[in-house]
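Form predicted alone, single chain, as structure tokens, below.
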């Protein structure tokens, strides 16, 4: 059975790993330079900086066991802090927070190490033909044909791919609103002396700030802070220049921590589809159309890393059932 997975984020990689364990050989297409999606890390002159997902939590026992395995494999660690609500300096809700280590893309790279992940392939079209699903890149060139397709891209990108071959699935993806996020890496020439390592600003354009060096596996020098703008501010300024965004977010950071701020470098990144604001909460964890077309991802479940992992695995189990001949492609249970 020929299976293609579109998207090498946590959902796509979790699906790929389970399919591979079952003896299948999925091909995973990723438009970026590496796996990870919103858990990817950006290479800079100052080392890798995590401008996307900052941490994840584990709520159910199955995912807790998986996190324990990642910790044993030294690609994850608990981030033992309690962020502050700022500027009030009140502790945020206590919960166990985990990070990939030594960078947020480490888990994705760990999952991808034995998989056929083809990076820098921007899938722009999927077409159902007699031979199966034909996948084409943005230049219109075919990159393969497959019996089954699993789309794990963010909802707006999934909607675009699904519009012609599956209007019903496209309509479900269209119901999901994805929030953007402007992210800024702030590299300092000297320590701030801040008395907190992470926080949720209660007012202003910032929704999250964190000292990168407080996270397991990260270097403390130079001191690097990660600033995330709120979804509302990011949406309002979605087409703003990186320079103007940098200026606004730096000013907001200064207001939270008055005093000298020696800035050595800044790295701005715009996430157009940072997180699902209205995930579908699909009970079975995936969406299925006709002729072996499935969708999975955090937007299908609950918007979290844990949800993405569960969604990818649920879709993979469905594909494994189909591969074993329990049901022909497209037939409902």
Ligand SMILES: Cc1cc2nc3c(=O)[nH]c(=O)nc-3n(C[C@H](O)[C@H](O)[C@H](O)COP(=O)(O)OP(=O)(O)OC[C@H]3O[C@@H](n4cnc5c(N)ncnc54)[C@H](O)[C@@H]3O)c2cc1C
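These figures come from a predicted structure and were not determined experimentally. Positions refer to the first chain, counted from 1.
The form predicted together with the named molecule exists for this protein as well; it is not shown, and the discussion that follows is about that form.
- The partner is not drawn, yet in the model of the complex one stretch among 65-73, 295-303, 281-289, 41-49 has residues with heavy atoms inside 4.5 Å of the named molecule: 295-303.
- Interface residue remark: residue 6 is counted as part of the site for the named molecule in the model of the complex, having a heavy atom within 4.5 Å.
- The named molecule in the model of the complex is not approached by residue 150, whose heavy atoms all lie more than 4.5 angstroms from it.
- Taking the partner from the other structure, the named molecule in the model of the complex has a heavy atom within 4.5 Å of a heavy atom of residue 154.
- A residue is said to contact a partner when one of its heavy atoms sits within 4.5 Å of a partner heavy atom; residue 122 meets this definition for the named molecule in the model of the complex.
- When the named molecule is considered in the model of the complex, only one residue from 181, 173, 210, 249 comes within 4.5 Å through any heavy atom, namely 181.
- Taking a 4.5 Å heavy atom cutoff to the named molecule in the model of the complex, the one contacting residue in 223-241 is 228.
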